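Presented below, as structure tokens, is a lone chain in the form predicted alone.
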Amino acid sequence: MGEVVAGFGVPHSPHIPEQVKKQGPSHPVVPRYARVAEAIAAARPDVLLVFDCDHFSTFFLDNLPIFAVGVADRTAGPNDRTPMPRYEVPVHAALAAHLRSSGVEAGFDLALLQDFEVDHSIMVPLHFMTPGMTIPIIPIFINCFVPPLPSARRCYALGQAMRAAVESFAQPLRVAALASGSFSLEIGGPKVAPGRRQGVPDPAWVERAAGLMQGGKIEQLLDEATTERMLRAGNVSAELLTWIAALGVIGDRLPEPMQLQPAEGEVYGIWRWN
């Protein structure tokens, strides 16, 4: 039987790989990602379940599922214009197929994705945390951008269903959940300051949402993280739903003290089992 052994959450700014390439290890994100990378190595996962919001690179408005699972032997990316190396990444096809089948049986209409690539929201975290690309992933896509959005409670239940599916898988795999997304971010919208392309409208929401996670107050987070509240924090701030889905996999464990960057709208989180 499979087992969940850890959980992680990180942001995925597409500008960071190029900035780090120019600035080197003195860039402030380097130790932040390194700390999560060390925790991943210590957990020794066989598979990473990556909860992700595609940025209209893999899906578009003519084909935009609420939830989808990538089922293939490999994927590659980034499939957008992010200035960073291009990678091929193994996918654990057998477990991915099992997650989708079990999820459908649990009442989730999980779209099937077989011939696909992924964008910076998956590749930027992997670039910094698993650059060897030796850990197979399973992308689980959530529509975080185009209303109507799934509710926080529905995303948390999806995570719970994925955990149950992992535990019912026949092979003894070690599985970790990885969430990718920001808590407050506006891109090209009215909440951006004049002359800027993006901004962080609601640093207080970053502290509030992360504080509820750190305190294990999941029910309160699910109540407060409404579509309206998340979008007040920025037009892409519902990326928080990826973290909430990962919490469904993680369960009631408390994270280590999170690395909060409220002015950047970002959080780095680690949940260890031992």
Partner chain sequence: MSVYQLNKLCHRTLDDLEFREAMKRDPQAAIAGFDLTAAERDTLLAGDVARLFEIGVHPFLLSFLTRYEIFGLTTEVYSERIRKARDPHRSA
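Numbering follows the first chain given and starts at 1. None of these values were measured; they are calculated from a predicted model.
Not pictured, yet referred to below: the form predicted together with the partner chain.
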property	result
Which of 166-174, 74-82, 121-129, 134-142 lines the interface with the partner chain in the model of the complex (heavy atom within 4.5 Å)	74-82
Non-hydrogen atom contact residue 115 with the partner chain in the model of the complex at 4.5 angstroms	yes
Contact of residue 189 with the partner chain in the model of the complex (heavy atom, 4.5 Å)	yes
Interface membership of residue 213, the partner chain in the model of the complex, 4.5 Å heavy atom rule	no
Proximity of residue 219 to the partner chain in the model of the complex, heavy atoms at 4.5 Å	no
Contacts with the partner chain in the model of the complex, stretch 55-79 (heavy atom within 4.5 Å)	55, 56, 60, 61, 62, 72, 73, 74
